[in-house]
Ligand code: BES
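Just the one chain here, the form predicted alone, laid out as structure tokens.
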């Protein structure tokens, strides 16, 4: 943007200071505070109708701005909840005290999704101030995206007519780079589970009982290790049965994505990469399914020594899925297999948490063409249609329940470190995102009225 209003950053900092962590009950009121804060900012932007929808979980914001029935309707989606900031000792600055270092905004939620969501609020404000908006708006903002969107799913199913629109607009994804802009057309699905392995009925002295009783941590580690073979393929029977085979055209589009392996390893301080044999890094992180341990614990992990054989061991496991894998089916396959590989000396419990369906959206729509044109005008380059490894479960719900395609116009970068300590968002990307969103609305409104 030619003129970058500095107060936009000040406002974003207010938003980022609210610790709206949906995964922790102690932050329930903070989530509510974030919702009320957004409603006030939407009012100031010029939105005329707003509702704070109470749910069994965190509140949903629904807003409308209707102008003319001949205008296309855009449903804007985002989320105000954020990931837990732990481990806190790895943050260079407190996660909820935002600051700018080297033209990057550091805070939990800076990119995912507060920074990207707030771009839409300011873009709408600019368009309304210029009287340049030729679209009707519906705005849907939730506070449970990071824990599965359960309340929003019920809201969407119950309000199909209310949410009727021509396209859903979401900024919760990334660019390939600032030098190579892109529009995300594919997202992986998700299965997220917790496993519990139980041995003896209490923690035992490792000297008295060691060697004679099952150690749940040892056995859990062995079971997890067996979930991949020597080629890093997942060993769960039938896991790959429904994986879609890409067309030659789709493979060519993926091949357009620039990638420098040396830089990739350097940015992560890796000596070498690791993954499924027969696929490159871009393919492994976009069109291939995965299984990863997200956390593992049990026994004594405090300061000093306590020599015990634990009664229980736990792990959190996520599986990223690709078209046409079904998360419910994969959950059943995992549960059956994990219980089958457990030694008879322990019992196993598998608890599903949340999931999402993988999705691929069309590039042959007015909305996608308008977004591509907006990037060309603002970035000087035609964006690449790319697939992303992350998951936004609500995108598949919009398609299945409302019959609406989603336009994934994200402006994050890999170095933003979302979900990690020291999450950040580039000041350039924040302002450029606003500029591009404004251009999209102008293009989409003009093209749809022809």
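Every value quoted in this text rests on a predicted model; they were computed, and no experiment measured them. Positions refer to the first chain, counted from 1.
We do not show the form predicted together with this ligand, though everything after this point is about it.
Among the residues 104, 354, 122, 233, the one placing a heavy atom within 4.5 Å of this ligand in the model of the complex is 354. With the partner removed from view, the residue among 203, 250, 146, 166 that has a non-hydrogen atom within 4.5 Å of this ligand in the model of the complex turns out to be 146. Proximity to this ligand in the model of the complex, taken as heavy atoms within 4.5 Å, picks out 387-395 from the listed stretches 59-67, 24-32, 387-395, 46-54. The candidate spot formed by 174, 187 and 419 is fully in contact with this ligand in the model of the complex: every one of the three has a heavy atom within 4.5 Å. Interface membership of residue 320, defined by any non-hydrogen atom within 4.5 Å of this ligand in the model of the complex, is confirmed.
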